[in-house]
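One chain follows as structure tokens, the form predicted on its own.
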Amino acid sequence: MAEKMRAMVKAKAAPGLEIQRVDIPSIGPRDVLVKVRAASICGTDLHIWNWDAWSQSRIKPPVITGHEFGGEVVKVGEQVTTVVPGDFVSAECHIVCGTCYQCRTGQSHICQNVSIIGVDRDGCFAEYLAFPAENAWLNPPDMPVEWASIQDPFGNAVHTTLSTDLTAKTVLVTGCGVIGLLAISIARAAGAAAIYATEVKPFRIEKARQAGATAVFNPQEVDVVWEIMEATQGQGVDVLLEMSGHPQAIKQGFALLKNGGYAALLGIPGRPIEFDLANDIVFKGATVQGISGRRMYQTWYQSRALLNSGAVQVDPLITHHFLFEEENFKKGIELMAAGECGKVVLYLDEAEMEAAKRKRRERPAGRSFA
């Protein structure tokens, strides 16, 4: 094995990322070393690229970014028994301590001492990645590698959407990036009566309609609160799934939430925002749930079941396939910032990328994996 590898590095406290040649990571007795086959770009990576207020408060350069991937185990520590070299894996990117109060009471996804792959420690935008074996998620050998790479954000959408019962409920999804689009599909599969969505980018508006939204409204063109109140006979919505992190979308979402409604918040604002706590939550008797990551490992099993059933189609949301190169990464970031893409997947090998695109063209809709 070569001593060096290519990796996308946040090298300094400034906007942008760059590919560098760095040491291949070593592993401890309970770790695995994975050869990355494909990795996808996340909204968090866009925050890190932009070096916004959140990133400045969290990221400590230099660090290799990225946390969504599928790859092959090439080496395991001497104490590892759960996976072997050759296994096809993804990873739960939240590495937890196992000893804090949250970890010991079934809430390890909000561990006090969490270390996140690609945020707090080196990530998957690299040829190789090392992490604890207990965080490895074993994929079916024939799962498309691009599907494997998006299970992390898929899990975010599952955790958010299934955090409450949606059966026969009216739902509002604010923000139709990939996770918002997945939330629409999951809400439909979960039996929601109606699913409204708000989004400003034309590409995402059309994708939201394709994903099964009852109606999609552009807040730059219409009064979203008036339109959805009209559509719901003045009642508003039972459930708010906030995916945008945009202050105005958050305000609109809470304005539309029924008294006694439920709000799940996943979107990350780039900076602190003002909020009418009294009128939007207290007097409404609203229940508000912050969503961080995925429940370990309940969400992963729920995600596997949804993918296996064919109830949620992910192929239409994977819109760009690029080789792992600095210019291609920049292009993916620009597409995301412009709202002109779904999921952007980066492949470490050109032959694998071409094979993935060919197999996608040949794959029947609804194909499932165990």
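Sequential numbering from 1, following the sequence displayed. We call the rigid core the largest set of C-alpha positions that still match within 1.5 Å between the two forms. Fair warning: this is a prediction, and the values are worked out from it, not measured in the lab.
This protein has a second form, the form predicted in complex with a further copy of the same chain, left out of what is shown; the following refers to that one.
Visitor: Just to be sure I understand the contacts: of Ser115, Asn218, Gln248, Gln298, which is the one whose heavy atoms reach within 4.5 angstroms of a further copy of the same chain in the predicted complex?
Guide: That would be Gln298.
Visitor: Heavy atom within 4.5 Å of a further copy of the same chain in the predicted complex: which of Leu33, Cys341, Cys42, Leu306 fits that? Just give me the one.
Guide: Comparing distances to a further copy of the same chain in the predicted complex, the residue within 4.5 Å is Leu306.
Visitor: Hey, in the predicted complex, does Pro140 get a heavy atom within 4.5 angstroms of a further copy of the same chain?
Guide: Outside the cut-off, so no.
Visitor: Given that a further copy of the same chain is not shown alongside this chain, does Pro144 nevertheless sit within 4.5 Å of it in the predicted complex, heavy atom to heavy atom?
Guide: Judged by the heavy-atom cut-off of 4.5 Å, Pro144 is well away from a further copy of the same chain in the predicted complex.
Visitor: So, Ala189 and a further copy of the same chain: in the predicted complex, are they within 4.5 Å at any heavy atom pair?
Guide: Within the cut-off, so yes.
Visitor: Contact with a further copy of the same chain in the predicted complex for Glu134, defined as at least one heavy atom pair within 4.5 Å: yes or no?
Guide: Judged by the heavy-atom cut-off of 4.5 Å, Glu134 is in contact with a further copy of the same chain in the predicted complex.
Visitor: Kindly indicate whether Cys111, Gln235 and Gly290 are, all three, within 4.5 angstroms of a further copy of the same chain in the predicted complex, using heavy atoms.
Guide: All three within 4.5 Å in the predicted complex.
Visitor: Which of 219-227, 146-154, 165-173, 121-129 has heavy atoms within 4.5 Å of a further copy of the same chain in the predicted complex?
Guide: Heavy atoms within 4.5 Å of a further copy of the same chain in the predicted complex occur in 165-173.
Visitor: Out of 267-300, which residues reach within 4.5 Å of a further copy of the same chain in the predicted complex, heavy atoms considered?
Guide: Residues within 4.5 Å: Gly267, Ile268, Pro269, Pro272, Ile273, Glu274, Phe275, Asp276, Leu277, Ala278, Ile281, Val282, Phe283, Lys284, Gly285, Ala286, Thr287, Val288, Gln289, Gly290, Ile291, Ser292, Met296, Tyr297, Gln298.
Visitor: With a threshold of 2 Å on the C-alpha, tell me if Trp54 counts as moved between this form and the one not shown once the core is superposed.
Guide: Yes; Trp54 is a residue whose C-alpha shifts (by 2 Å or more) between this form and the one not shown when the cores are overlaid.
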